[in-house]
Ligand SMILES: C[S@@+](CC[C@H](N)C(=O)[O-])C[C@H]1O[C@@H](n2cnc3c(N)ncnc32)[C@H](O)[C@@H]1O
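Before any questions on how it binds or moves, here is one chain, the form predicted on its own, in structure tokens.
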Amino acid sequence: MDHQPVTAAELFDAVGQDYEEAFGRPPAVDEGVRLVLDRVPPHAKILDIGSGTGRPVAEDLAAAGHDVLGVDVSAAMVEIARGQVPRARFVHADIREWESQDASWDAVCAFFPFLQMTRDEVVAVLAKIARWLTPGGVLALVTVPMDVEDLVVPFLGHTVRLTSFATPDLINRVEQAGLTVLDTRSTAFSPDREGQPDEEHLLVLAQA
């Protein structure tokens, strides 16, 4: 195991396809995609933050006929996603620095990208998402809810720094960004990898 904490870009460049094999289709992610599909118009513009390998999120959204753009901090993940999901578009960028026009997305998916950001960065990105969404547009967010900041933990053979919010605090941050929380759901998940502990996954659905 690499005992020196790595950045999100370094981690996912190294992990690559192994992430999809270990984490597959978490129920909270499938549920988040379903809730988005239930609420967007035909041929919607959907932004997938932390798009990873492109599966299952960008692949399912694009297969439903939507215009999907994935943004990921890992160049290796973007390359994998482009090969696996040709119906969607993917860009290599850090969402903390990337910008988009206001009111330009019908939906935003953010499945686990916040865990390696600082709390201030999460708040800043949530504010950007609120601006980017069209009126009535939806955010589907999935994370591992914990009251931790800069916690060093093992992850798929590497060491990472983890920051998260407890559930009430995260909901508060989403609302402070100007979004209305429509639904929250919590599920347990067991990664398909020996030594990787079970996780609680929190799904938050919010609307602009």
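Just count from 1 along the sequence shown to find any residue number. All of these numbers come straight from a predicted model, not from anything done at the bench.
Absent from the display: the form predicted in complex with this ligand. The rest refers to it.
_Please identify, from 45-53, 145-153, 171-179, 158-166, the stretch that has a heavy atom within 4.5 Å of this ligand in the predicted complex._
Partner-contacting stretch among the options: 45-53.
*Name the single residue among Arg96, Arg87, Arg131, Arg119 that comes within 4.5 Å of this ligand in the predicted complex, judging by heavy atoms.*
It is Arg96.
*asked:* If the cut-off is 4.5 angstroms on heavy atoms, which of these, Val73, Val138, Ala81, Leu126, is the one near this ligand in the predicted complex?
replied: In short, Val73.
*Answer yes if any heavy atom of Phe189 is within 4.5 Å of a heavy atom of this ligand in the predicted complex; otherwise answer no.*
Phe189: no, not in contact with this ligand in the predicted complex.
*Although this ligand is absent from this view, report whether Trp105 comes within 4.5 Å of it in the predicted complex, heavy atoms only.*
Result no; Trp105 lies far from this ligand in the predicted complex.
_At 4.5 Å between heavy atoms, is Ala8 in contact with this ligand in the predicted complex?_
Answer yes; at least one heavy atom of Ala8 falls within 4.5 Å of this ligand in the predicted complex.
_Against this ligand in the predicted complex, would Val29 count as a contact residue? Criterion: heavy atoms within 4.5 Å._
Within the cut-off, so yes.
*Enumerate the residues of 101-120 that have a non-hydrogen atom within 4.5 Å of this ligand in the predicted complex, in sequence order, or give none.*
In sequence order, Phe111, Phe112, Pro113, Met117 come within 4.5 Å of the partner.
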